[in-house]
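Shown below, as C-alpha cells, is a lone chain in the form predicted on its own; questions about how it binds or moves come after it.
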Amino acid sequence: MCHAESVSAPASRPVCVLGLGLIGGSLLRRLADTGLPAFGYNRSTATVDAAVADGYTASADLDAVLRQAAEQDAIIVLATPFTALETMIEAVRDTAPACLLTDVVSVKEQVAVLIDRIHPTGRYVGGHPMAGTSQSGWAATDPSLFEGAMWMVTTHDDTDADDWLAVAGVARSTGAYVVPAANDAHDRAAAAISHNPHLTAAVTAAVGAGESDLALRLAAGSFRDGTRVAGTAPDLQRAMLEANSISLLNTLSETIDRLVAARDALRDHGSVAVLVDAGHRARLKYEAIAGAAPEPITGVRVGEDDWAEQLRRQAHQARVWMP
C-alpha cells in the first residue's frame, strides 16, 4: 500500500513564529537549524536578546515582524499562551491579513472561535504538537523537542488542501508525525490524555506533600513521574486547562466517578480491583501503540473528494500522515 498522497509537495515558505517560549522557541530553532527561513517575535526583550545571541532572527517589534511576514507571504504560527491570542490575532488581521495562520496552542475549538470572530477572512489551519516539558522560556527550548512526536493538524471538510499541506509540512519538517483531526475531537482527546493528567498530578502532589516532609523524603519514581507536569508554571497550566473547560469538565467528571467508585469498593469490599485492572489494561494498550512504529495513513490523496474525512477516519485508527 502507498502512503497518503498530496496534490503538491509543501513549499519551503518562510515561517514567522509569534511567541518564543518552550514550544515557539523550539520550533524557530528547529526550522532555522534545518535551513528553512524562519524568524520570530517575543514581547520580552530579554528573550529576543537571548535568541539573537544564539544566532536566530527575532525581534520585540511586533508590527515590523508582521510586515516582514506579509512581504514574504510567511506562514504565521501563534505560539503564545491562549490568554494572549486575541492581541496577536488582531495584529495579524491589521498587518498581515493574507498570511496563512496556524498555532501550537493545546486547545483548538476556542482558538478557531477567536479567529472567526476577530479575523473572519483569515486562512487558518490549527495545529498542536504533543510535546513539551515542565520548563518554560527560551532557556528551555530544544530543536529536537518535536522529533518523533505527534502533531495534530486541523482537518475539517472545508479545510483548504494547499493550506493543510503547508501546515502539515511545517510539522513534518520538525521530525513530528501529523495526526489529522477535527477540532472538537482533538479537544476531547487532549482533555483526556493531557489536561486531565495535569489536574491529577496536582492532586497527587498536594496529597503527597501532606502535613510534613516525611512523605516527600520517601517519595521515589511513582511520585516523581506522576507529578512531573505539576512543576509547570501555574499561570501556563491555568491558561491551558481553563481554555478547554468543556472537554476537561467531562473527563474530570469521569475521573471523579471512577475514584468514588474505587473508594466505595475499597470501603465496602476491601478491593480496588476494578479501577486497577482497567488502568492496567489501558496502559498496556497505550504501550502497544506508542511502542510500535507509527502506521501510515494510506490510499488518500489530499485535495480529492472526501480527503479530509478519510484522513480523520484513519487517524482514529491510530494512523499518522507521513508522506
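The first residue of the shown sequence is 1; numbering continues from there. Values in this document were obtained by computation on a predicted structure and should not be read as measured data.
Separately, the form predicted in complex with another copy of the chain exists; it is not shown, and the next lines address it.
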**Prompt:** Is another copy of the chain close enough to D73, A112 and A171 in the model of the complex that each of the three has a heavy atom within 4.5 Å of it?
**Reply:** no
**Heavy atom of D225 within 4.5 Å of another copy of the chain in the model of the complex** = yes
**Request:** May I ask you to check whether E211 falls inside a 4.5 Å heavy atom distance of another copy of the chain in the model of the complex?
**Result:** yes
**Asked** Are any of the heavy atoms in E242 no more than 4.5 Å from a heavy atom of another copy of the chain in the model of the complex?
**Response** yes
**Message:** Can you work out whether G231 and another copy of the chain are in contact in the model of the complex, taking contact to mean some heavy atom pair no more than 4.5 Å apart?
**Reply:** yes
**Sole residue of V48, A32, L62, A262 within 4.5 Å of another copy of the chain in the model of the complex, by heavy atom** = A262
**Request:** Work out which of R188, R93, H156, R123 lies within 4.5 Å of another copy of the chain in the model of the complex, going by heavy atoms.
**Result:** R188
**Request:** Tell me the stretch among 94-102, 157-165, 137-145, 211-219 that has any heavy atom within 4.5 angstroms of another copy of the chain in the model of the complex.
**Result:** 211-219
**Asked** If you look in the model of the complex, which residues in 24-60 sit within 4.5 Å of another copy of the chain (heavy atoms)?
**Response** none
